[in-house]
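Just the one chain here, laid out as structure tokens, in the form predicted on its own.
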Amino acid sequence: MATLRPFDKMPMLNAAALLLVGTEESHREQLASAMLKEPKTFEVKIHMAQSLPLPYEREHLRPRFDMVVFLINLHSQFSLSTVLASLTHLDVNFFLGKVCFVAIGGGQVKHCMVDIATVKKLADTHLSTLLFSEFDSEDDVTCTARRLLQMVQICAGLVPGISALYLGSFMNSTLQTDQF
């Protein structure tokens, strides 16, 4: 079971591959379904795993992953520990803009088992984007799916002039313009 590397396979033409990693199967499926429903100008391939490393047996069938998204359920300490263990199985080149953390369920802070500051520190330590979502309504899931589609499109190199290295500043500027 080897380290997952971002550049060990050839990229797909006009397509992006995304890996969703998280302990909650329902959250992975909700997000994947919402992403596939969204209109887009490129093909997106979504793979899901509860944790890393991925089994070696199917390595030859896997595409090159353009982005890895870690789903952290803030109501589950197990979710955070699984993500922390999975991070060690990623090549450091993924942390050049190709990793995103999605914190789920932070709206009810008093019921959270995982401190939001811990998740923010995790994202900052890995120089990665952090998105917050509730997944209580379809609108929340759709909004998160749209953000991730923007990000994976950039990570796959399908947006001229924008590199995954600039993803953090790009997402911050789009968040600010969406508010007005």
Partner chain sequence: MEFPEPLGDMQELSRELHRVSLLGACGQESPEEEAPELHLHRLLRLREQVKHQRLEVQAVNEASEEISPEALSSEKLSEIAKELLKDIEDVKVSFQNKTMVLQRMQIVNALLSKIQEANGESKLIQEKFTHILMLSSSVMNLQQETRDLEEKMYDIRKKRLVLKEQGSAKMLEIQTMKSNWKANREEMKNEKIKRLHKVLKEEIDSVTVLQNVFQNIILASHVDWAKYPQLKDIVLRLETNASSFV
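Residue numbers count along the first chain shown, from 1. Computed from a prediction, not measured in an experiment: that's the story for all the values here.
The form predicted together with its partner chain exists for this protein as well; it is not shown, and the discussion that follows is about that form.
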(request) Sort through 150 to 158, 122 to 130, 44 to 52, 30 to 38 and report the only stretch with a non-hydrogen atom within 4.5 Å of its partner chain in the model of the complex. (result) 150 to 158
(request) Would you please decide whether Arg62 lies within 4.5 angstroms of its partner chain in the model of the complex, comparing each non-hydrogen atom pair? (result) no
(message) Ala164 versus its partner chain, in the model of the complex: is there a non-hydrogen atom within 4.5 Å?
(response) yes
(request) Residue by residue through 8 to 38, tell me which have a non-hydrogen atom within 4.5 angstroms of its partner chain in the model of the complex. (result) Pro11, Met12, Leu13, Asn14
